[in-house]
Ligand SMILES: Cc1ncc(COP(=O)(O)O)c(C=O)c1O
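Shown below, as structure tokens, is a lone chain in the form predicted alone; questions about how it binds or moves come after it.
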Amino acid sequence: MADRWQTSRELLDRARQSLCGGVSSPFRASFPVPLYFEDGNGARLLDVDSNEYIDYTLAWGPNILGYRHPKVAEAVSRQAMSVHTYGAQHRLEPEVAEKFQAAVPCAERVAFTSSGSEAVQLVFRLARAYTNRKYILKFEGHYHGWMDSVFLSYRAPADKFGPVDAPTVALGSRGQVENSAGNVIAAPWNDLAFLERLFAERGHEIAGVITEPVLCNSGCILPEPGFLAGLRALTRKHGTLLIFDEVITGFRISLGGAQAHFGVTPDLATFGKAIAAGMPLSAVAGRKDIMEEMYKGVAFGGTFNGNPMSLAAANAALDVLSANDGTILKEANALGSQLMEKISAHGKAAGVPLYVCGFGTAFALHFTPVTGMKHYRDTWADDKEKLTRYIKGMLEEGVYLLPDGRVYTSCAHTEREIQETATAAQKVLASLA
């Protein structure tokens, strides 16, 4: 049988002689076949071996409008013929910030950065400066970037987490300094009773609580009813800042992010990925009095912050996403929800233990007997080998998925892509039974 991915394999072998590991991010090496791509349009990608795929990776999330959206492409092309970056102010900065304010409830002020990891570092520094407290509380399994200060209790070995009623802070990487764990408190998610006990004892020490409002990075687990509102009330009671990491949910779950969707407004929030529909851009948004600590001794900077190329893309993307009260995103989430239902039904029909959770434009597949998920530890029962077989099978059917079981849909996916994907899933799931 001919190798469908021969050119990709050859390019990867070549890249390993010059590029560390052969890829630009180690996460990408975990794909069953690390593919090289030639082109993309709408919801589809073309690899260097001329294989076409319906794409559900969306470059790990940013391409909310799919590939080559005409308005974004036009805006970037126009800016590319002008100045790429000034390292100074330009008209697009307030224009995009104002559109951000109009969409996002917490955005009294906005600051642009280049990556989500940077944005998280800024909110930590702001929270500590504003409250004059040391600790940041984070939840197990939540990802907020790869920096030492927060790459903790993420996907470390299970025996490093400690008992669920007394979690330890688990380091996430070799070479990570151990004292970084000394500034963080870890907690299980979706457990208000635990948090109430913790805050009764240590609330006066906690500067901020950071959470993915939907646990997208570890299985797309939804907050339980009342959890985010309860967290908002608890942090307010103890003078602690509530921080939403909306790098994934922002401009994806709804135009105003998860905070608008769930009706809970944090003090600070980080955004990224979908803001610029494929160009590198992240942001911090929040209360004016907290954000302006940056001009009272809280250091923050970046040569490429607010660069014209990224903001040109964001300006166009926000226009598209906000048109008709965000109708395009509502439709994308509705179609994605249909796909969730179809895959779940096919798994049940095939007799394959499968739990599908999340929301329309970001959900995850768990090959597990667990029928409901509350927090990260619930994902430990997942059958990783079966997931890998499913992803490889879908790739052979022309459907490109992320290696961790996450599925991103975009505004470019249509009923045709949804039906073709569901048909492929039915076939592959039957083979796993």
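Note that the coordinates shown come from a computational prediction; the quantities given were computed from them, not determined experimentally. The first residue of the shown sequence is 1; numbering continues from there.
Another form exists, predicted together with the named molecule; not displayed. Remarks below refer to it.
I'd like to check something about I248: if you look in the predicted bound form, is any of its heavy atoms closer than or equal to 4.5 Å to a heavy atom of the named molecule?
Yes, I248 is a contact residue.
Contact with the named molecule in the predicted bound form for F112, defined as at least one heavy atom pair within 4.5 Å: yes or no?
Residue-level check for F112: no, no contact with the named molecule.
Answer for Y143 alone: is it within 4.5 Å of the named molecule in the predicted bound form, judged on heavy atom distances?
Contact with the named molecule, yes.
With the partner left out of view, is N315 within 4.5 angstroms of the named molecule in the predicted bound form by any non-hydrogen atom?
Judged by the heavy-atom cut-off of 4.5 Å, N315 is well away from the named molecule in the predicted bound form.
Only one of these stretches, 257-265, 86-94, 231-239, 212-220, has heavy atoms within 4.5 Å of the named molecule in the predicted bound form; which one is it?
Correct option: 212-220.
Could you check which residue among N190, Q79, S117, N307 gets a heavy atom within 4.5 Å of the named molecule in the predicted bound form?
By the 4.5 Å criterion, the partner-contacting residue is S117.
Using a 4.5 Å cut-off on heavy atoms, what residues in 263-278 are near the named molecule in the predicted bound form?
Counting only heavy atoms within 4.5 Å of the named molecule in the predicted bound form, the single contacting residue of 263-278 is K273.
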